[in-house]
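The data below hold one chain only, encoded as structure tokens and taken in the form predicted alone.
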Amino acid sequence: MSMKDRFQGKDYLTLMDWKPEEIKYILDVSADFKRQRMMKQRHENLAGRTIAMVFEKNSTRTRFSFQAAIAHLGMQSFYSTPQTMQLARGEPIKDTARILDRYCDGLVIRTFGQDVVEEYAAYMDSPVINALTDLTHPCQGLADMLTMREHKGKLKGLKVAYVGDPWNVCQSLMVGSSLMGMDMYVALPKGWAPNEKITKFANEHAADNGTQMVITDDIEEAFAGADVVYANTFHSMGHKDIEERKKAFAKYQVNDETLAMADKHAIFMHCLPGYRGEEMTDSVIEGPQSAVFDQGENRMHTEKAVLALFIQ
């Protein structure tokens, strides 16, 4: 079986489902699509296909990047929310899934529970693509790794320092780092921690690769010599304890002083939306080390690769 054939018709639910060489291949395809886009080359190759998009959470980058990627590939997307579907009246997911499967060639879904994505996948023959759950954000993970590879020339051997909510973005980055040979340090106040299942996976694969997966409350330890400094909001979608989180995470802000703890050639990343004055300062996101908007663009290129590889 060729590398390309490994993906056809499969679901893309989490980075944990894929081997390092498969992730590398997706990144290579993403980079090629980006090159084509920069050269203004057309790459329609899935004309006539239709993609359902069901988003339970608000979205800017994920929605627009997916819809642009779908259009660039010659497909058509249909966007909806559960509130405008019969799901709002209690129709079971398994019924919705089987109907969408008769109409569309794939589903892009953004929701809360990972179990919701998995239920759609269980009842659909066409690919289901996870566009974010509370557990994981595998499309963001690909964009993050493509951005790192572009700016640093490699993934293996990099040190990534993360500050912010230990939520889906952090957890996907932990998985990606552990699989692709990067050291990752997550700086958090005591009493906060990533998901236990994700942490176990990341620790095991980091150990297999001889890399570090460290959860620490010491920002200096996390940032020292880091090649990538990654900030995220202190309060993700759905969290009610916003003020408590702001207070607990306040000393983990990425500003000129803390960024200087990292390698002088470090890049700054953030998945956005970002809150200037909380997890980062304006001087950092607008500064010369920021790769944030390259990172945002790369959402489209990596999602395009997933669509092109997975949709039959």
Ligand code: CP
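We number the residues from 1 along the sequence you see. What you see is a predicted model, and the numbers here were worked out from it, not measured in a lab.
Heads up, the form predicted in complex with the ligand isn't pictured, but that's what we're talking about next.
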**Prompt:** Though only this chain appears here, would residue 281 touch the ligand in the model of the complex if you measure heavy atom gaps against 4.5 Å?
**Reply:** no
**Message:** My question is simply whether residue 299 lines the interface with the ligand in the model of the complex - judged by any non-hydrogen atom within 4.5 Å.
**Reply:** yes
**Item:** 4.5 Å heavy atom contact, residue 67 to the ligand in the model of the complex
**Value:** no
**the ligand contact in the model of the complex: residue 45, any heavy atom under 4.5 Å** = no
**Complete:** With a 4.5 Å heavy atom cut-off to the ligand in the model of the complex, the contacting stretch among 28-36, 268-276, 249-257, 46-54 is 268-276
**Asked** Listed by sequence position, which residues of 193-231 have a non-hydrogen atom within 4.5 angstroms of the ligand in the model of the complex?
**Response** none
